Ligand SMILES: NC(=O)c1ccc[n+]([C@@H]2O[C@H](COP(=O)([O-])OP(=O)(O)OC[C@H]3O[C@@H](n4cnc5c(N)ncnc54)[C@H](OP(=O)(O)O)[C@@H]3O)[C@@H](O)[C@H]2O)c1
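Presented below, as structure tokens, is a lone chain in the form predicted on its own.
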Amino acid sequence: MTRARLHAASPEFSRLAFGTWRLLDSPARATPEGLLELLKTCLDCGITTIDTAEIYGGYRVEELVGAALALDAGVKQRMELITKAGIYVPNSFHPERRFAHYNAAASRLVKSAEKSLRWLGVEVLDCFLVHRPDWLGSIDETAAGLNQLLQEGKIRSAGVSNYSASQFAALSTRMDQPLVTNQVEFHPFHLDPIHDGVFDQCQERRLRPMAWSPMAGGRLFAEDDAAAVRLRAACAAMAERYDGASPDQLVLAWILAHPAGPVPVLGTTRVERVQAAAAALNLALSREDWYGLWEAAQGRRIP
């Protein structure tokens, strides 16, 4: 698998990332041994980047990832870790919390990153993202936390997730080191990053975005969703031109084809889906077929 930097200031990552958002939904992968087996499959396919977050699994997924990596030092040494922080909700660890809220203040980000280091069992994070923009947080406060983590060598690079182009630009003005990515939702049913300036900004700043939920949270496979049915039919009609590629492979190829160079974050816990996703990197959609999938997903022709 090809590798790439998210930005000149970032480490190298694999062109696909293994996402852990719904890891605990799979009993087979909700143990260190079960997860380690899947991580070995990822490595066999060239997927070396793990994407996780403090809040995932009710604040339990990072601990599981760390326990799995602790079982095999060879696997641990070959993986890059990206995690996120900034969302805080009532949970069993913090029953005193009354409401879900965002907090990207410097002290909170530093505390969360240090906790992630402990749970994941590493001394440095390859990339640390602010999970959501904090509406009550100043850019000075947020940047101060990220800059401190960079200066102390606890993270190799910093970025954001779900930021608008203007929010990204504002925070960038206070950073000592460039932000390296903006992780946003992107797939044929959700085109906001193309139209709201996020992907334009990524190209302007020569950074790669990350694309979460590339299969639209499983919507691609829904039987009662008209748009999904249309999209799968369009994929089936063009599959012969791409060596019989499956709908999920063609959708990944569709995402990868955007000139911003998105890094899709896979959400599957199935070995065969991971292997199929890795094979999608060999697909090069024609321009016409890319727009054909757009048309099928949107249910209309381009303007």
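Quick caveat, the model's predicted, so the values are computed rather than measured. When you see a residue number, it is the position in the sequence shown, counting from 1.
One more form of this protein should be noted, the form predicted in complex with this ligand, which is absent from this view; the next part is about it.
- Using a 4.5 angstroms limit between non-hydrogen atoms, F221 touches this ligand in the predicted bound form.
- Contact between R132 and this ligand in the predicted bound form is found at the 4.5 Å heavy atom cutoff.
- Interface residue remark: N103 is not counted as part of the site for this ligand in the predicted bound form, having no heavy atom within 4.5 Å.
- Although the partner is absent here, A216 is a contact residue: one of its heavy atoms lies within 4.5 angstroms of this ligand in the predicted bound form.
- Of the candidates K40, H258, R241, R273, R273 is the one whose heavy atoms come within 4.5 Å of this ligand in the predicted bound form; the others do not.
- Listed residues F168, F199, F189, W212 were compared with this ligand in the predicted bound form; W212 is the one with a heavy atom within 4.5 Å.
- The candidate site formed by T83, S112 and R156 is entirely out of contact with this ligand in the predicted bound form, as no residue has a non-hydrogen atom within 4.5 angstroms of it.
- None of 104-112, 120-128, 159-167, 91-99 except one has non-hydrogen atoms within 4.5 angstroms of this ligand in the predicted bound form; the exception is 159-167.
- Interface residues of 171-194, taken as those with a heavy atom within 4.5 Å of this ligand in the predicted bound form (partner not displayed), are limited to Q183.
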